[in-house]
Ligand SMILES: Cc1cc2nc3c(=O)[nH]c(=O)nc-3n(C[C@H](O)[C@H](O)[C@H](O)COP(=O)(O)OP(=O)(O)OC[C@H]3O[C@@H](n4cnc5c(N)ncnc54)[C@H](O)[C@@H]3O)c2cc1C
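Just the one chain here, laid out as structure tokens, in the form predicted alone.
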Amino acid sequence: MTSASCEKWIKQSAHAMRVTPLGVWEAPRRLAVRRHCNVLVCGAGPAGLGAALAAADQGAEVVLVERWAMPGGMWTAGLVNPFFEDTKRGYIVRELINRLEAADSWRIWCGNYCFDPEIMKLTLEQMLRERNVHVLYYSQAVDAIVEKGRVCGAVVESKAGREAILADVVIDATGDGDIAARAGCEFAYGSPVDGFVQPMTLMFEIRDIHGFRQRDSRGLYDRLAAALAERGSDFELPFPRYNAAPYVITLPCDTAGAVQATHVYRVNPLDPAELTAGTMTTREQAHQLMSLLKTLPEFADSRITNTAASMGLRESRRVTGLYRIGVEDLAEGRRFDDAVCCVHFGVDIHHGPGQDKSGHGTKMRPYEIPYRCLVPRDVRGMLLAGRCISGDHFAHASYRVTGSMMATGQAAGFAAARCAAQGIDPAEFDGTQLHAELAARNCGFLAR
């Protein structure tokens, strides 16, 4: 006797295509609509999380699409520590920090705070579930759905195939401005001096550190350079001697650290082949650096436990918005009636051999980012959050850190929910009202 089988035999029709010397032509096809929501957030990094959580707080039905199997983006998939610009953010940012503190996963390091990435994942998922945000992992937003100049959703690809998610407002929190670019938005790329974006870093975690304390990068650089000279290796440290690398960032567990050291230069973050080569190069660098670290007494027993799942991209597309924050705004410490956050972080440009060094450390004063930097100039129905907001190369090197980017996200999410409820476009939303709402939620701004 044989039991009844539950096995299913399935065959799907191939999508019709035609290969020609000019390329591959796809036949038109109907996409199934997976969901219609008030706010669609593309990307669950710090900015996307701020956006999804703030929009849900305002009563919006929110879908959050993320390619990794975790929230947090650079915090978790990228292993990026510390949590720069954590103060005076209020609202969602403050709630997250309070929860990390309560979980004993928040400790000071060199004047900043760091966290345990695993606790970060769990904490963020708890916050998302409590607000009933509909999260889709293993899914990537690959195109914008645009009708008559208005973005009304995104095409998402996953194991389920190619589907559409429709939304009243779409927030591009991809970091690279992927959806805005596909919607036809103008964007800037690279330094005005040499056309290159900032170098990329693959973070890695190590364990069994004993008695190491660090105040700046130069002391560790000199010790590694001396060890390298003594060894006679042809390996070269992948960064110059300045206060950007190397750092061993002590995590909440005393014997664990996140290492910020690997660098690759002149890599195009929008080309997967270049990203792949850069990732392989930096992973090799990580293990070479670990062998050097092990020559120092504090790291004699140390080992790499994890290299990041994602390369840390400092810069790629900068989408053109209704306002473009520039170096002149930083120099003047400019304030705006529609400000969504203030920034204190300096202009941090990691330069490599032969690259222009003039921008790093450009003089600035604390300044504010206006809501208009979150509104694309070219299309309706969309907001920007994170490092793809509208700014120049030098300003971007200041505001790109995770605390500021989550603050832009919480502003975008709040505005998107209100726009969806009122049936208006983000360009019509009153940025001065948004500023007042955020100030009432303890988001710190500069004195008027």
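In this text the structure is predicted, and so the values were computed from the model without any measurement. So that there is no doubt, residue numbering starts at 1 and follows the sequence shown.
Below, we turn to the form predicted in complex with the ligand, even though it does not appear here.
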(request) State yes or no: in the predicted bound form, is some non-hydrogen atom of P82 no more than 4.5 angstroms from a non-hydrogen atom of the ligand? (result) yes
(request) Using a 4.5 Å heavy atom cut-off, state whether S139 contacts the ligand in the predicted bound form. (result) yes
(message) Since only the chain is shown here, I'm wondering whether V401 would be in contact with the ligand in the predicted bound form (any heavy atom pair within 4.5 Å).
(response) yes
(request) With heavy atoms only and a cut-off of 4.5 Å, decide whether G312 touches the ligand in the predicted bound form. (result) yes
(message) Within 4.5 angstroms, counting heavy atoms, which one of the listed stretches 312 to 320, 288 to 296, 125 to 133, 88 to 96 is next to the ligand in the predicted bound form?
(response) 312 to 320
(request) Could you check which residue among A54, V65, A407, A60 gets a heavy atom within 4.5 Å of the ligand in the predicted bound form? (result) V65
(request) Report the residue, out of V39, L384, A395, A44, that has at least one non-hydrogen atom within 4.5 angstroms of the ligand in the predicted bound form. (result) A44
(message) With the partner left out here, which residues of 175 to 189 have a non-hydrogen atom within 4.5 Å of the ligand in the predicted bound form?
(response) G175, D178
